[in-house]
Structure formats: structure tokens, C-alpha cells
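Encoded as C-alpha cells, the following chain is the form predicted on its own, with no partner shown.
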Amino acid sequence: MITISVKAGHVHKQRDDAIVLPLMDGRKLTDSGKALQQATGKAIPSFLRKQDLTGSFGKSRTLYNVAGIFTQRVMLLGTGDTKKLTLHKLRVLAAKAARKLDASGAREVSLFLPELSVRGASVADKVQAVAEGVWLGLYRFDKYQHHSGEAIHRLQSVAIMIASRRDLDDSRTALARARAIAAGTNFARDLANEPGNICTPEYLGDQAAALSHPQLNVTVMDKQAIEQAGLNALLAVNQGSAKEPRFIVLDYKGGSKADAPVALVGKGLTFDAGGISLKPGPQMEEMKFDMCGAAAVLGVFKAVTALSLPVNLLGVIPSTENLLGASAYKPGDIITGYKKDISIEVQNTDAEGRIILSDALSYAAAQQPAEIIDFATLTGACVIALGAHASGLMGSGEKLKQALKISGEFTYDRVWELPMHEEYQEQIKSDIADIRNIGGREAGTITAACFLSRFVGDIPWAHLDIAGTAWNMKGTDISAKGATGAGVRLLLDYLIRKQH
């Protein structure tokens, strides 16, 4: 990660490779822009006329070697209508500026974006958003690409400039928070972007075990330990794979001993071919992303431990591949997992995520947490319903779901609630077992959640279906192609808000 700092200083005294100034709709400048215009005479007004800049959102132009200042480049970055400016748009602006300057070869940059007014946002909020935008926007997963020719220029340091020294302490606290959040999100993206031959269940367990904090204990169960624990649903899905499964438990005790933990459960299918119910061939390579739920949980733990948040947190990750083989589980099989009083009829082996989550949710519920939140790339139906812009939200904890909605809007890691009326439970009834693992074509996202609901008891529970948001092969405003780290920023904001 590049170095980011917070400073209070005058624009015309900066000696960086570049400074970034907001240009508001109608060619209006902020205070720093006006100060720079005064220091440089007619350079900026003349440039604005020649380039026909109006301040449209995200559009930018760069001036070089402006007389009267020490900086080599001055980027004017359009903000659009400032009445519609949000913290997320500030993230996007920071990401766009960072990417463009990185490509241009600039190494040291000052951003004056916190001068912009965002309704309801403090200076610290704006600093956090800008820092997240830079760190998330510059993310690359290129470890397997062998570059040749000239060395790639990389941005080395960014100074986020604020107007008053009075805000420095709060802003530096916000910057530390942004650093941990971005590191956790990018860690989740790294895990998910790894190919399936590298990121196996064993690899995922090793990555979890490598997380270090005095209050964190990590247990990684191998196949023998999984068998002894009675996690038979996970074992059933694993039958077709030559790779052993792992069951990962993370226990972070940062809060009071008397407080029950928040339990996070993440689906960890490191590759999903569908099993006997084989998936279509096109885009099957993207099924390495079927462990994005597990990646989100690990990303949250990485950030929580970096911040030493005063919260008790339990993480549970069931991990396996779902492949074809002589021993693969089959349509028609009946499974009884960790929760012994519920039998499952398998009608589709490609609905395996809910099967392994049944063991994980049952295990988590047995630890008596205060609440359970699970992350899973669970259903294609959720992609059809919500696309790539919001994760599906279902569950039984009304206060929990409402709090997640608030955090989703604040972080722009958004969620949208779907109903779980009792009538939907009828669709997963089985003629030969207690429940079946699919509920038919209609309401597929909801019936999958109904299946999961059987394993959480009366504990407040929220299910996040991130099938549409966990990866994007076109890229987004603050994400390169591939994994997005969906759920990490959402949950971290939720956990931070719980402390206040």
C-alpha cells in the first residue's frame, strides 16, 4: 500500500509532483483553487477557457509547469453538482485522480478534495473516504504477469490536505481506520482473485492461521478433525474432490468477557464446478470466486485486529471444492450434518453452498453468539434480482438488518432486503427427508435463505447473498476487474458503529 498522510498547508507552497484541485460545476473553484489562481495570475482562467472544462463529474485536465508555484502538475478534477456530492462520490473522485496520476508517473501528490462540502460529513469522514478511494482505486492483482520493458511508474505517497490544523487529530484517526479497512478489503480481493489451483481449502486455512493478534485464536480443522466434529454436510460436498476440506474457526476477544460475540460465517467454495449437476462451461473459471464469503470474513478479521476493535468476534468458514469424481455426492442423496435433527435431501449438487453453510451456521449457533451474519455467493437468482449494485439481505434479526442497511448506505457497500414470508418455507419441504436443498425456480434467493434459517435457531441472524456484488469482470469506479471485497467495508462500519 502506498503511503498516505494528512496535512494542513497552503496550495501554492506544495512541492509535489502534482496537486489535485476540485473544479465544481460551472467552473467554480474551492478556496485553494482560488488561492492558486491568485498566485499564478491568468494561467488557470486561460486554461479553463481553452480546455472547455465545466466541472463535470470525474472529468479532469492537467496543467504542467505553471509559473509561480513549485508543483510540476496541477490536476483540475470535476466534481459535478456539489449539492449531490456524497462520501462515495468523494471515494470515486479520489480513485480516478490516483489512477490517472499513477499512470502519468507522478510519485508524490497532494489532494485538496476534503475542501468539498458533503452534507452531514465531518472533515474526518471526508479524509477517510478520500483515503479509501486512493487505496482501493490503485489495487491491482498482477502477481502472475511478467512485465517487460520500462518499469511501471507507481504512486509512492499522497498527502490529503485539510484546511485547519484543528481537524488533524480526528483526521489522522480516520486515516488509520481507512488504512485498516482498505487493507482488509484488498486482502479479501487478493484471496478471491487467486486461481483455484493456488487458493485451495488448505491455502485458505493457512491464510487464516497467519493472521496474528494477542486476542485472536485461530483453529483450522483438517479432514480428520472435521469427521470427529461431525461436520458431515461439509464432508458430503467434499467427496468429489481430491483436495481435503478445511473448517476454520477464528475467535477474537477484544471486548468484555461478559459479551457474547458477533458470529461471522463465510462460504468457502474454493472452486465450484457444480458436482454431478455440472455447471455450463462458459465463464466457469469465475467459480474460483465462490469463496468470496470466506474472503470477506477473513478481510473483516484482518481489519478488526489491525484496529484492535473492542468487540468479541467469532468467525466460521467451511471450505471445500465441489467437483465431479467417483465418490462425489449425488442428486437423491440424504445428508445429516452437524445439526442431527435435520435431514437434507440433495436434489441439486450445485446448491452446495447452503449445504456446507448448514454445518457452519449450526456450529456458530452452538457457541451462543449475540447474532450471526453470513456472507455467501449463494444464488444466481440474486444476480438476476439485484444485479451487481446491491447484496441481497434476509434474516430474522430486525435491528440487525436495519443497522446493516444504514452501514450499507454509508459505505456504498449496499444491501437490499428481500422478504422471508412463512409461505416460502413450503418450497423446501421434502417427501423423503426434512428439507430439500432447492425450492424450485421461483424465489430462488429467498428459498435458499429459508434453508439456512433452519440452522440458526432463535439467534438474531442476517444473511447476505453477495453473488452479484462479490466480483465484477468489467471493473467498477473503485475496483479493478475481479473480486470487489464486497461485505468487508459494510461489516467494519457496522462493528465500529456498535461501539458508539
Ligand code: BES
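Start at 1 and count along the sequence shown; that's the residue number. Since this is a predicted model, take the numbers as computed values, not measurements.
Absent from the display: the form predicted together with the named molecule. The rest refers to it.
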(message) I have Val249, Ala303 and Leu314 flagged as a candidate spot, so tell me whether each of them has a non-hydrogen atom within 4.5 Å of the named molecule in the model of the complex.
(response) no
(request) Indicate whether the named molecule has at least one heavy atom within 4.5 Å of a heavy atom of Gly380 in the model of the complex. (result) yes
(request) State yes or no: in the model of the complex, is some non-hydrogen atom of Asn348 no more than 4.5 angstroms from a non-hydrogen atom of the named molecule? (result) yes
(message) Is Ala388 near the named molecule? Define near as a heavy atom within 4.5 Å, in the model of the complex.
(response) no
(message) I'd like to know if Ala467 sits close to the named molecule in the model of the complex, meaning any non-hydrogen atom pair within 4.5 angstroms.
(response) yes
(message) Between Arg91, Arg189, Arg354, Lys288, only one gets a heavy atom within 4.5 angstroms of the named molecule in the model of the complex; which residue is that?
(response) Arg354
(message) Between Asp272, Asp413, Asp359, Glu132, only one gets a heavy atom within 4.5 angstroms of the named molecule in the model of the complex; which residue is that?
(response) Asp272
(message) Please pick out the stretch from 27-35, 451-459, 42-50, 467-475 that is in contact with the named molecule in the model of the complex, where contact means heavy atoms within 4.5 Å.
(response) 467-475
(message) Need the contact residues for 429-444: heavy atom within 4.5 Å of the named molecule in the model of the complex, sequence order, or none if there are none.
(response) Ile438
